[in-house]
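Listed next as structure tokens is one chain, alone, in the form predicted alone.
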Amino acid sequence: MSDETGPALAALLAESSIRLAETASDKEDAIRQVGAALLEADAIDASYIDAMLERERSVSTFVGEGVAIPHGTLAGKDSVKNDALVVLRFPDGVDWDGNDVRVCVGIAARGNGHIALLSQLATVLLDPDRAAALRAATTSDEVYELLKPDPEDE
């Protein structure tokens, strides 16, 4: 199942880690919710949430198409217990430094695993049609389908 690019995105995403009707007062609240979902998935220690907020203060994790990919700093990787993804959808949007974010994909990865995950995610999320479908997703099945690699991308 695993190859040089690491495990498939969908394999790192527990159904309980897909939350499609969230609300957040601001960017920090959204990141804390993403962190809480990673914590509930037993992927991280609580200190990773601070590393996620620290990352956001230095570099925005907004990637375009209404999507942000919050993840921790390199220093925070010691707080990661298991590689995992979470997907939180904010139907009303979150102001992300002037950008409207509707979907946050949280990443926890040990070692350099986050680089492969970010690369795979970028392929999916920067496709305007797939990103639009993710912003509109209302079931976990739709999310899983959208995170599957497109055969044309391989």
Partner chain sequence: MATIDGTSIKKLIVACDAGMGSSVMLASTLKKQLAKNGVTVEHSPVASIPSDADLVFSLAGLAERARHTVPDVPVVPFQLFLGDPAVAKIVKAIQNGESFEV
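Residue numbers count along the first chain shown, from 1. Keep in mind that what you see is a predicted model, and the values were worked out from it rather than measured.
The protein also exists as the form predicted together with its partner chain; that form is not presented, and the subsequent description refers to it.
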Triplet 71, 114 and 122 all within 4.5 Å of its partner chain in the predicted complex via a heavy atom
yes
In the predicted complex, the one of 45, 50, 65, 28 near its partner chain [non-hydrogen atom within 4.5 angstroms]
65
With the cut-off set at 4.5 Å between non-hydrogen atoms, does residue 118 touch its partner chain in the predicted complex?
yes
Can you tell me if residue 55 lies within 4.5 angstroms of its partner chain in the predicted complex, counting non-hydrogen atoms only?
yes
In the predicted complex, is there a heavy atom of its partner chain that lies within 4.5 Å of any heavy atom of residue 87, even though the partner is absent here?
no
Using a 4.5 angstroms cut-off on non-hydrogen atoms, would residue 81 count as touching its partner chain in the predicted complex?
no
Are residue 47 and residue 117 closer or farther apart at the Cα level in the predicted complex than shown, by 3 Å or more?
farther
Where do residue 143 and residue 117 end up in the predicted complex, Cα atoms closer or farther than shown, with a change of 3 Å or more?
closer
